[in-house]
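Next up: a single chain in structure tokens, the form predicted alone.
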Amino acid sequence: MNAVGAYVAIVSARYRTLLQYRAAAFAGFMTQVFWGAIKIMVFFAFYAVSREAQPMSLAQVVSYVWLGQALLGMLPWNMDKEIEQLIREGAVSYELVRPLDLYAFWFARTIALRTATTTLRSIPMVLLAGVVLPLAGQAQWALLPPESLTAFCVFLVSLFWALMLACAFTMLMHVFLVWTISGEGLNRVMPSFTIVFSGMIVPLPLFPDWLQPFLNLQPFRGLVDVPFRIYTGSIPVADAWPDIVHQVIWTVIFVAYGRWLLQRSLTRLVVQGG
């Protein structure tokens, strides 16, 4: 098997393993439906009292919220528990003797981590928000389809790079574990940064104007704001490519820094326990 085939097999095996946690996925789905409904009610109230024109319509925001609930698992807000355990217990030394590039090996596992739970939760979420709600006469609460097939295709391209960016950032978290005794600090801090600055809580265009230059430059924007706004039409297809390039650039930066940091850490790695 060639090198690419080995990594594809790793993604496939890990992905199928994570698909077994259906009960947890169902619990997560129900939780995300609940929180999605609450967020939409908050935005309904906000738009009802707002006296100024907003950069996104209410229908766009509703679709944005449902996309966020469907694709929450893609966000780099947690780490691979098995990798965390390997590093903590010293069993990471076994990873070093594999005839594979360690960064690529962990990256392949991370792709499966970010996509498996997302698959289990996104399909029923899209069916509920995009099909069931309109049929039930609740179109104002529904996930709207993209404006065109072209917009949907560009959204998929952006979503792919959002996944790559999420995996690259998750890999940084994994590498940082090598330098720490416990990963609990990262696990507690990162969700706050990721969820707020990606636009998962509030779409970034709704933040104050003075904050927009920073929000448009920071990397977390590529996780949620860019692909979701392309889908909803808030970013026209013709204007989407610079934002996709933004995703690609930050992905390359994170991968390059993660590789460098991992190689540096392995030159002075001390395995706990001896």
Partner chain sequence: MRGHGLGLYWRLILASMTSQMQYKASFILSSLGQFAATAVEIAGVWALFSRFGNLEHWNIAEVCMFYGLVNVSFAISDAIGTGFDQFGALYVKTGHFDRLLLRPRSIFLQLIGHEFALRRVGRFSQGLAVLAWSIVTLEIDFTAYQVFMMLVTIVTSVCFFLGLFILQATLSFWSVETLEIMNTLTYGGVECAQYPMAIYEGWFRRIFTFVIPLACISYFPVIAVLGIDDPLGSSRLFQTLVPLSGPLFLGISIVLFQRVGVRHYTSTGS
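Rigid core: the largest C-alpha set superposing within 1.5 Å between the two forms. Residue numbers count along the first chain shown, from 1. Remember, predicted model here, so these are calculated numbers, not experimental data.
What follows is about the form predicted in complex with its partner chain, which we do not show.
- Residue contact with its partner chain in the predicted complex: residue 242 places no heavy atom within 4.5 Å of it.
- Interface residue remark: residue 249 is not counted as part of the site for its partner chain in the predicted complex, having no heavy atom within 4.5 Å.
- At a distance threshold of 4.5 angstroms between non-hydrogen atoms, residue 157 is out of contact with its partner chain in the predicted complex.
- Looking at residue 236, you'd find every heavy atom of it more than 4.5 angstroms from its partner chain in the predicted complex.
- Heavy atoms within 4.5 Å of its partner chain in the predicted complex belong, among the stretches 143-151, 200-208, 110-118, 163-171, to residues of 200-208.
- For the three marked residues, 31, 47 and 196, a heavy atom of each sits within 4.5 Å of its partner chain in the predicted complex.
- In the predicted complex, its partner chain lies within 4.5 angstroms of at least one heavy atom of each of the following residues of 5-40: 20, 21, 22, 23, 24, 27, 28, 30, 31, 34, 35, 38, in sequence order.
- Put the two forms on the same core and the Cα of residue 26 is off by 2 Å or more between the shown form and the other one.
- Note: residue 169-residue 16 Cα separation is 3 Å or more longer in the predicted complex than here.
- In the predicted complex, the CA atoms of residue 22 and residue 162 sit farther apart than in the displayed form, by at least 3 angstroms.
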